[in-house]
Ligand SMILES: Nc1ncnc2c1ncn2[C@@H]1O[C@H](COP(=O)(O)OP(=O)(O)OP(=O)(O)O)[C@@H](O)[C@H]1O
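The form predicted alone is given below as one chain in structure tokens.
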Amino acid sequence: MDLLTKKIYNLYMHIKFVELNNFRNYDACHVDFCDGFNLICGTNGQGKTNLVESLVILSQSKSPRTHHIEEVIRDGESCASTKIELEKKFGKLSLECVVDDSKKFFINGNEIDKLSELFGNLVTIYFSPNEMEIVSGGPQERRDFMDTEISQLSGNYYNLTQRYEKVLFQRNKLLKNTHDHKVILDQIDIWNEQLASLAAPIIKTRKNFITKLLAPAQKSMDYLSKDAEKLNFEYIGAAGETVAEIKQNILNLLEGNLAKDMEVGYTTIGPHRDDIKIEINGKDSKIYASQGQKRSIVLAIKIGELSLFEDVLGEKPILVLDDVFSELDSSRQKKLYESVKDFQVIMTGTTFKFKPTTEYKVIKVKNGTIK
């Protein structure tokens, strides 16, 4: 089972404009974008990050800054919205998110029934200083990274993870709330089978993802570091090359860990506990990489995703960079421009020392107002 099957067509995609209403510090706002580089500039606290956040919500279904989506509603208001017009090879497409007491998404004005329907319409690769947690943070940050990116490539994968979470909840409920061990032993095999059946394709897809990502990420790292630094990714989880092998190994681990699971009251193995080991020059980057190296690793991963996504989806994703240049020297700024010149790029910064050599537009933000 491969949810990351390569597409043979080639589509052109870019955002024409975004409209915000009562979104963060924006009252009503319309911003047109060019097809190349869009440089969103202004001093800190003016609304640059709020603007790019609105785009990421429409591609990933969630905010990259908060787990509480209602925080995007402007103070004193009861509703917020973000809407874009997207141009693709087959025509124009509008996407909208409305946030009040819930979160609703619309495609061409029609509310979608399933969140998975949103994925694949607007596809973004997003980088901000918080993305450094992919290297510096705990396993949860790396699992979230994989699941967020793969869901953009496959709505089916998103559905799979949601079903897994529901079965995991039921197995944990049995372990935590049932004090009669005989009752647990009588029922656990049913939940083990369901959990393993869902866990195996999730793990297989994650392994495929990081395997396919390594080559373009290393190519980007070679360019950024002048061939001085080598990357490697290793998935830490159940062994196996095929879905069937992974499922059997998950079942064996669930059975072997049952006593521990009964003691602690939750499931201690599975894709919800897995991790990626990211190595630089053969060493664990979380421990041994400098801050500059960690930033380069994440940048290389994000630039590598551009070509991987284009390969899998058959269309160019949009690169969204929030406050990247502030930590890059002039040499790496130029290299970054050169690496992504064939994509639509939307980026924020207080100033831009270098301007792209290809098409670009400067968008100035001051206190939630666009100039």
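Sequential numbering from 1, following the sequence displayed. Nothing here was measured: the structure is a model prediction, and the numbers come from that model.
As for the form predicted together with the ligand, it is not shown, yet the points below apply to it.
Comment: the ligand is not present in this chain, but in the model of the complex one of A200, L254, I125, V72 has a heavy atom within 4.5 Å of it, namely V72. This chain lacks the partner; the member of S307, S63, Q344, N50 within 4.5 angstroms of the ligand in the model of the complex by a non-hydrogen atom is N50. By the criterion of a heavy atom within 4.5 Å, S339 is excluded from the residues contacting the ligand in the model of the complex. In the model of the complex, the ligand sits beyond 4.5 Å of every heavy atom of S330. Among residues of the shown chain, D323 is one whose heavy atoms approach the ligand to within 4.5 Å in the model of the complex. With the partner left out here, the ligand still marks one of 29-37, 330-338, 309-317, 42-50 in the model of the complex; by a 4.5 Å heavy atom cut-off that stretch is 42-50.
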